[in-house]
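Just one chain follows, in the form predicted alone, and it is written as C-alpha cells.
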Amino acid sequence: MAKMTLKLPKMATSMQNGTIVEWLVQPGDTVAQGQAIYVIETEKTSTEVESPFAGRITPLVAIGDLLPIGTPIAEIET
C-alpha cells in the first residue's frame, strides 16, 4: 500500500492561503475517489474539495488553521 499526500490546493489565481473549515470525514475513514472530504475557505468563497484517490484517510491539520498553498493537509493510504 502507498501513502498519497494531499496538499492545500490553489483554488484561484490570487489565492495565497486557505482555511480548512470542516472535515467531512473522520480519521481512518475509507474514502472514494471523487468523494467530498473537506471544506476550504478562501478570502472569496467556501468550497468542498473531493478526494483524488480512494483509500483510508488521515487528516494532518486541524479545523481553523490558516495554511499556505501546498501545505500537506492529509494522507490517503491506497
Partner chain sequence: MSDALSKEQAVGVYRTMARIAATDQRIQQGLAAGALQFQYYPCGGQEAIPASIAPLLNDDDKSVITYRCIHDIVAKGTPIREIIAEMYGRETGTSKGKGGPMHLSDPNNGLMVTTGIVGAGAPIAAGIALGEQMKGSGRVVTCSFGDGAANIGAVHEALNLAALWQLPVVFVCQNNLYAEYTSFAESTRSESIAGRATAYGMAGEKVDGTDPFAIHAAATRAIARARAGEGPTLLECVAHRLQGHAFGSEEAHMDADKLAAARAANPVKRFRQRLIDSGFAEEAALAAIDAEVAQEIDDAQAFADSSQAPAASELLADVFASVADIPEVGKRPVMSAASIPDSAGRKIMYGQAINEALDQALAADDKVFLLGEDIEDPAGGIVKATYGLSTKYGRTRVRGTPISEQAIVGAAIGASMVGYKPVAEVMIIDFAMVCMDQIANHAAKLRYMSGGRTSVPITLRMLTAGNIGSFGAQHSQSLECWFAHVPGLKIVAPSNAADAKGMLLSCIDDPDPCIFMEAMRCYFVPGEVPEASYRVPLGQAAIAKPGTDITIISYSWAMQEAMAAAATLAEEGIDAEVIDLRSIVPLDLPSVLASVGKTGRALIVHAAVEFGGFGAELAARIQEAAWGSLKAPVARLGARYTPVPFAQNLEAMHFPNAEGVVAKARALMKA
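Given the structure is predicted, the values throughout are model-derived calculations rather than measurements. Positions refer to the first chain, counted from 1.
Below: the form predicted in complex with the partner chain, not depicted.
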| property | result |
| --- | --- |
| Contact flag, Leu67 vs the partner chain in the predicted bound form, heavy atom cut 4.5 Å | no |
| Exercise: Gln33 in contact with the partner chain in the predicted bound form, heavy atom 4.5 Å | yes |
| Ala12: touches the partner chain in the predicted bound form, heavy atom cutoff 4.5 angstroms | yes |
| 4.5 Å heavy atom contact, Lys3 and the partner chain in the predicted bound form | no |
